[in-house]
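To begin, one chain is listed below as structure tokens, in the form predicted on its own.
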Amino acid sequence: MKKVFVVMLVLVLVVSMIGCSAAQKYPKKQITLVIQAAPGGASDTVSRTVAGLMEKKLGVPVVGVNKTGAAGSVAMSYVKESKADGYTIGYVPVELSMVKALGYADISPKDYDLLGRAIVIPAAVTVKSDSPWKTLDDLIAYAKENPSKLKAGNSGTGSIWHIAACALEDTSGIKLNHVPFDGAAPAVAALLGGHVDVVTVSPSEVLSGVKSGELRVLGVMGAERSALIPDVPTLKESGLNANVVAWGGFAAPKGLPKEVREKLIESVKEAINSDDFKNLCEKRGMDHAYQDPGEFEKFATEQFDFYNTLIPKLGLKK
């Protein structure tokens, strides 16, 4: 009996040593970071900045790959189904908590090993500066007189910026004509080109247009004014109860080896809490909002429950 116990103990030690050896070798090759939105928008900027900072910690390239479509479902499904070896990770936006209710994919926060939350961003109701709408009241008054005439660009049907526009409709009693794009950047380009009349995207994604004098932000859909455009009132200040924010973080396929998961969590935390990333947030009008994996899972699950109530109410299920 004692002999059997000794043999079993040796086997356990060998397996443990092999596991530790494998973890010490991680990472041995390039890590792919899957981004759910088109190049140029907030998700892409955050992802590629964090990827570059993670490289310094991990010692291997962390390469961003854009996979757009279905409110982020294409990218998040790809990550979910990837091998849980630490070589494929993904940026997960607020849509992680929305796509199941929308009917796009059977995805929830519990399907991933969450690595950390990075940011929170309010929606900004934006028009061209040469438009006739100088205030949010002007826009709403026009929309009420012309139901479904205003073309509202968003970052994809069912995306958070689409939900933001729907929330604006719901709280103000207007009706918009929603025009989806594969990300916020192409939606803003369409606004600049006169192909849509208004967008509800992040302040950072319209900042260059605001600075150039081509765009005007009429209202911010957050609890507080944006530090990036402090002169612009919140919708609440305008008498409207519409508080819609985007958020984003990082995740990996469920079931990472413990040591690999710990290395990824540490590299993500270090990147997000770096001065470089905090400076990016300040410059681009994003709220730096790091949460560790446990906090992030709790938050994302609460958001999942919230949107699984709101989205059916808005009639947005696919």
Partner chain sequence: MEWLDILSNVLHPSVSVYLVIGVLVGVGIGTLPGLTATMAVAILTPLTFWLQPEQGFAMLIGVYNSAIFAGGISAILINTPGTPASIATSFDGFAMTRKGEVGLALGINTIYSVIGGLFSSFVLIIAAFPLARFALKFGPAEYFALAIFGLSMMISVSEKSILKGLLIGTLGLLISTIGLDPMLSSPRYTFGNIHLMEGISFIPVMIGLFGVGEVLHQIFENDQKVRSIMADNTIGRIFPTLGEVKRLLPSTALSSVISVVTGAIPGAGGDIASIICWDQAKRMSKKPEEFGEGSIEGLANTCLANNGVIGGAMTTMLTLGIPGDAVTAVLIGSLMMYGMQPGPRLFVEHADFVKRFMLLMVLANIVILFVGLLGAKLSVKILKVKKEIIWMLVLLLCVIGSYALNSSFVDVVVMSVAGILGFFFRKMEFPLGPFILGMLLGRLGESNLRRALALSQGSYSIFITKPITIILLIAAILSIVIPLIKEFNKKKTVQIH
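Numbering follows the first chain given and starts at 1. Treat the numbers as computed from the prediction; the structure is a model and nothing was measured. Just so we're on the same page, rigid core means the largest C-alpha set that superposes within 1.5 Å between forms.
If you look for the form predicted in complex with the partner chain, you will not find it shown, but the lines that follow are about it.
The candidate spot formed by L136, I140 and G173 is out of contact with the partner chain in the model of the complex: none of the three has a heavy atom within 4.5 Å. The partner chain is not shown here, but in the model of the complex it comes within 4.5 Å of a heavy atom of V196. Within this chain, K283 lines the site of the partner chain in the model of the complex, having a heavy atom no more than 4.5 Å away.
Although the partner is absent from this view, K236 stays clear of the partner chain in the model of the complex, with no non-hydrogen atom inside 4.5 angstroms. In the model of the complex, the partner chain sits within 4.5 Å of a heavy atom of V74. Of the candidates P257, G52, P27, G69, G69 is the one whose heavy atoms come within 4.5 Å of the partner chain in the model of the complex; the others do not. Comment: the partner chain is not present in this chain, but in the model of the complex one of V245, I229, L192, A84 has a heavy atom within 4.5 Å of it, namely L192. The chain is drawn here without the partner chain; in the model of the complex, the stretch among 219-227, 199-207, 108-116, 88-96 whose residues come within 4.5 Å of it by any heavy atom is 199-207. Contacts between stretch 174-202 and the partner chain, counted in the model of the complex as any heavy atom lying within 4.5 Å, involve N177, V179, P180, F181, D182, A185, V188, A189, L192, G193, H195, V196, listed in sequence order. A displacement of less than 2 angstroms separates the C-alpha positions of V74 between the shown form and the other one, with the rigid core held in common. Taking 2 Å as the criterion, H178 counts as shifted between the shown form and the other one: its C-alpha moves by at least this amount when the rigid core is aligned.
Once you line up the core between the shown form and the other one, the Cα of L191 ends up 2 Å or more from where it was.
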